[in-house]
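Here we start with a single chain on its own, the form predicted on its own, put down as structure tokens.
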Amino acid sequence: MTDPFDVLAIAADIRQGRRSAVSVMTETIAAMQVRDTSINSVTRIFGPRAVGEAEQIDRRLTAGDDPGPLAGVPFGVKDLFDVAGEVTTAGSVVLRESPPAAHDATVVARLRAAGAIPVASLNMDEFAYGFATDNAHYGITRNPHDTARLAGGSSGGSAAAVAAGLLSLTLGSDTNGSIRVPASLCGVWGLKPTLGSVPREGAYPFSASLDVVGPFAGTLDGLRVAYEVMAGGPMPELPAASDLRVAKLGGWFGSNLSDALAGAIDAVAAHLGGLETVELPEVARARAASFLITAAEGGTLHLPRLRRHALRYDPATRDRLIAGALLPSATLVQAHRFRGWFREQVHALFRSADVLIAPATVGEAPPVDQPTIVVDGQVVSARANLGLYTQPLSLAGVPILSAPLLGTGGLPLGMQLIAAPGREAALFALAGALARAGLVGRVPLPAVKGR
């Protein structure tokens, strides 16, 4: 039986005639209809049209045509990506009556051209504002590893669908950590590419200065192929992992994390021969600047609609957007000026290191009924603070791969692998070496709990 988490194995089975694209699609839809009821990762299934596209893939293969490297692979999209003929709601009811998208988002079109088939839209925090996927309109997405826990956000539906084995490939967006946080908490692979390297056209915006779109996948090879398709071409040849200079981020990134997470990262460092610990200056200010830029740009974007439909927004989203719209312009200018300085500090670290490692979250997924984490001894909201380690790095525009850690003895925990702009190949090289060593990889679901 084909591994339901393996993008490339599914495509190989279809291309080589061991399974039809239609059978894969109908099984995928049936699984979502039955198994997602306890997770709530899916907001809409594109059933008949997805089956129809699968039939086209089968006909092309019968005719001897090559549908592409992802032939017949079903994939899901965070509900802010346009899929032609479907309404893009961005997790809101405000956009529910909007006309259907006239065209696919660019990355959706590229995946479709490679043979993959969009089958579902996936749950998210409203307008991507949050780290919990606690949506007042579409419900909470629960963690497949323990359904009493959060999946993280804002791309929580995308991460949970992969973790549950419903889909092997999904799309998300990352402004302040919305791919990295849920990938970590759900134990799957996720990639935030270099800012500007993957087109955002057809993805509903949040913060134009920080938004990035990227994939989640059940395998590292599947993540790589999906990224290359989305980016419009293959990466350079991967460097030898043994040639990479790796350092560990300390300071801000070495405080507040759980003992289990600290131990797992130390195990990675030990495997790599002991790593130099480096620190970034002014990380707290970097996180504050990221907050301010996001709030101001998001608030300005939504202000016209807020004036007309404020009561149709999730109150938690609405209030933060209004606050952002009211920020003085001088504050935003100052935040961007600091962003330029901080980006230089991050880039300077790559003069002596090819890859940096850091935690992705402070620990395991918080409970749904008590969505809080502890930061500096204070209990704070998970929805606003799960990006403690991801937000500062967003300012630098660098590529970051979220790698699920193995052997932690509990719920999933994740690690960020960080490289200089355009150096995604280094991230995949190091992740591959760590996976072969058994230190990282998709975290298997428990046999009973949360199922």
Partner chain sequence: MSEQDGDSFVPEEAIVIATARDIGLSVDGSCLPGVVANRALLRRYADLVHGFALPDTCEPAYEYRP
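Positions refer to the first chain, counted from 1. Note that the structure is predicted; figures quoted are calculated from it, not measured.
Unshown form predicted together with its partner chain; subsequent notes refer to it.
Scanning V355, L280, V268, L292 against its partner chain in the model of the complex with a 4.5 Å heavy atom cut-off leaves one residue, L292. Residue in contact with its partner chain in the model of the complex (any heavy atom within 4.5 Å), chosen from A284, V379, A240, A348: A284. The stretch among 410-418, 37-45, 66-74, 392-400 whose residues place heavy atoms within 4.5 Å of its partner chain in the model of the complex is 392-400. Heavy atoms of R343 reach within 4.5 Å of its partner chain in the model of the complex, making it an interface residue. Put simply, Y138 is far from its partner chain in the model of the complex: not one heavy atom of it is within 4.5 Å. Proximity of A335 to its partner chain in the model of the complex falls within the 4.5 Å heavy atom cutoff. Under a 4.5 angstroms non-hydrogen atom cutoff, its partner chain in the model of the complex has D319 among its neighbouring residues. When contacts are defined as a non-hydrogen atom within 4.5 Å, all of S209, R307 and A330 contact its partner chain in the model of the complex. Residues of 180-218 that come within 4.5 Å of its partner chain in the model of the complex, judged by any heavy atom, are T194, L195, S209 in sequence order.
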